[in-house]
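In structure tokens, one chain follows: the form predicted alone.
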């Protein structure tokens, strides 16, 4: 479970996240949606404990910057940053040692196989394409079997097979009760996997919807998204 309460992040006078509060329960897949610059990635980085912020964030009841929280949190950044001089397999071993995992090799082999990294096992991070580097990030996040996992634009740069496998993995994690948060500006990429969506604009959450509400009300999520973001953008341009 993820509980974000009054999250505010400022860069001098610029407010990147403005008093965000939301909850994502066990087994839910939530989407932070919005155009570029809406504050999605900043929120993800705050949740991951990479940025200082005002407010409170709890991961399964633990403060997000605590060791207890970090042990159960997975994070896939928008821009992959593998270690240049570690091989694909050495990345798996590094994560396993850092998290003190036991009997991790079989799971690492399975993840690499599903994302077609097995033949790249001995390749260095710097020798891989961005798409392959993204796959390493996903494998590293999945290896620890997190209770909460953050994805920042996870499908960008992935080939069709990898997209299919990642969505299958997300479905499996959801069934196991994992809390999943995905940041994206492309609703169509997550339309078949989301349970809850938070539409962001100018650092704020302008709308929150559940899949059940949308399906029962007949509301069109894509139209809602564009109505909010385009209206806000037009208003900003007019000022």
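Note that this is a predicted model, so its numbers are computed, not measured. Numbering follows the first chain given and starts at 1.
Here the subject shifts to the form predicted together with a small molecule, a form of this protein not shown in this document.
- Using a 4.5 angstroms limit between non-hydrogen atoms, residue 16 touches the small molecule in the predicted bound form.
- Contact annotation for residue 66: none of its heavy atoms lies within 4.5 Å of the small molecule in the predicted bound form.
- Interface residue remark: residue 35 is counted as part of the site for the small molecule in the predicted bound form, having a heavy atom within 4.5 Å.
- Interface residue remark: residue 29 is not counted as part of the site for the small molecule in the predicted bound form, having no heavy atom within 4.5 Å.
- Stretch 36-44 is the answer when you ask which of 168-176, 56-64, 189-197, 36-44 has residues with heavy atoms within 4.5 Å of the small molecule in the predicted bound form.
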